[in-house]
Structures are given as C-alpha cells and as structure tokens.
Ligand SMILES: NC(=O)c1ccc[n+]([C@@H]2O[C@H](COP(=O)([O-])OP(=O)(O)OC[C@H]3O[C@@H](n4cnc5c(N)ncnc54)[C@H](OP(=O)(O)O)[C@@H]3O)[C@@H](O)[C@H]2O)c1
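Coming up is one lone chain in structure tokens, specifically the form predicted on its own.
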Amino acid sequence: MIKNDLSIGFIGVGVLGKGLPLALAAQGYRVVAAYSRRLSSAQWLASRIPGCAAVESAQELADSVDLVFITTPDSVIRDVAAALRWRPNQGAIHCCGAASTELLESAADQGAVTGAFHPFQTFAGLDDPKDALARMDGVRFAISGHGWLPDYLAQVARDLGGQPVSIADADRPLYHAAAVLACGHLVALLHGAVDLWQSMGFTAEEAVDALYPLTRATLDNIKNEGLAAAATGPVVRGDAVTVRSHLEALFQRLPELVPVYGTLARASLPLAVRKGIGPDQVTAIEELVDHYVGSE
C-alpha cells in the first residue's frame, strides 16, 4: 500500500486525534475526514488539513474512507468499532497501548483488516497539536495487525520520524506499563519531591524550577552512560546512615512518602550491587526499609 493511495479518517479528535492526523497530512498522507462527538473539534481539524471534511457521524466517516483510525479514549474503542458497518479489506486501527487488535474483533468479523498503532510518547502539554510531529522524532511505535497493515503501519512510523517495533499481544500490558512507569509515575514521583520542597517553605513553581535541571541531567546520563552509571544516591553508595536520616525525616514530616521512598530504595539495590556495595550494606538498607515501612 502506498500512502497516497489510501483515504484516511479519524474518529475521535482529542490530543492524539489532532496531532497524529496533522503529522500524517504534513508527510503527504490523505487525511480526508474527521469525526468527533463535538462537531467543533472535527471542524478545527478539518480547517487545518486541505481536503479534510468534518462529518456528522462515525458511520459517515467509515463509509467514506479506506482506513479508519479510532483515536477515542481507550475505554470506548471496542464499542465504537462494534457500532460501525465495515467493508471487506477496509483498514481499522486503534491507538491503545495496552491492547492489540482484539478491541477491533467486530470489524474483523465483517472482513475489515485490523491493526494497532501506538506511539511510545506523551502528547500532554502541547500548545499546538502540530508540535506533535516534532515530538514523534525518534519515538518507538508499537504496531500490530493483519494483512497489509503491518507493513503499512511500519512505513507510517518511519515517515513520522520514529521506529516501528513489534510487541507480542501478551506483552502489550507490560509495554504500556513501562510507558506509565516512565511518564505518569515519574510525574507522581516528582510530585513527592515537590511536596518535600513545599514542606521547607518553597512554592510548587520554585520546586519544579529546582528539580527540572536535576531530572533532565539524570535522563541525559541514562541515555549517554546507561542505567548503572546514572544511578546515584545513598543506596547506591551503601550509605545506611543517610538512608536512615531520610526515612526518619519523612516519617516525622511526610509519612505518606515513607513507603514510596522505601520501595524505590529496594528497587535501587540491584543497581547498587552492580556498582559494588556488599551484602552487609544491602542487608542494612533492607532492614531500615522494613523497620520504617512497617512503622508507617
């Protein structure tokens, strides 16, 4: 399949449902239809892509294109697909990270060719969805599908500046959990660090300004030097005295962070062993974590 041969439509015009079609159109793909529960959202997208029309129903969109991207919230993908009439060999794609083509079973039963296409990237915080194209540079795209779709989607990923990867269906929840750990849970972790700065009298904005250079440098170190080399802190040094002081201060001031700190201290121990701490130091840190987490 050549990209210019296929007409493409999007059902669901949220952040990804804006950014992805704009990026595809910029790369020469024929995005010709958009549908959203709010017609104004579809009109917003159509006004920015030459030849794209805002349609008034999902079925109207499905009837008018060769390839349908369902970019609705994950929880309604199955229902959206099941409510539509599909044509044989028509493409049906969703962008859910945690699931494969099983969400589109009703489309496949009608002869459609189904696939999944998920960028391993966050699209939160975009002022203009057109910036999504820049954010896709170097991103891994988890693709799966049947018939002609795997090769087609792999080319889409490359055209967007990313790299296609194949994730086994059984591993899709693990793949998505990795994204959550690296993105959503990273935010939750930094929220705890902001709370600590606020407990010392700083504002949240001042805390973020202080934390951002440190976090950015850590990510750069991971990319350039690897996980073990980037790992720092008292656990990695086997410094049980400092770990104790942290846990005691947290226990007194922000006890809700004690189990978070303790869990991450334990998770840091394999890296610490790789960097040379001994079994006695490991035991000392484990006992501290058990004591404070058990007391929390």
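Just so it is clear, the model here is predicted, and its values are computed rather than measured. Residue indices: 1-based, along the sequence shown.
In what follows, reference is made to the form predicted in complex with the named molecule, a form of this protein that is not presented.
A single residue from the set Ile143, Met136, Cys95, Leu84 has any heavy atom within 4.5 angstroms of the named molecule in the predicted bound form; that residue is Cys95. For the three marked residues, Gln43, Leu45 and Arg48, no heavy atom of any sits within 4.5 Å of the named molecule in the predicted bound form. Residues of just one listed stretch (112 to 120, 147 to 155, 163 to 171, 188 to 196) have heavy atoms within 4.5 Å of the named molecule in the predicted bound form: 112 to 120. Shown alone here, Ser100 lies farther than 4.5 Å from the named molecule in the predicted bound form, counting heavy atoms only. Although the partner is absent here, Asp74 is a contact residue: one of its heavy atoms lies within 4.5 angstroms of the named molecule in the predicted bound form. In the predicted bound form, the named molecule sits within 4.5 Å of a heavy atom belonging to Val80.
Looking at Val282, you'd find every heavy atom of it more than 4.5 angstroms from the named molecule in the predicted bound form.
Residues of 22 to 39 that come within 4.5 Å of the named molecule in the predicted bound form, judged by any heavy atom, are Tyr35, Ser36, Arg37, Arg38 in sequence order.
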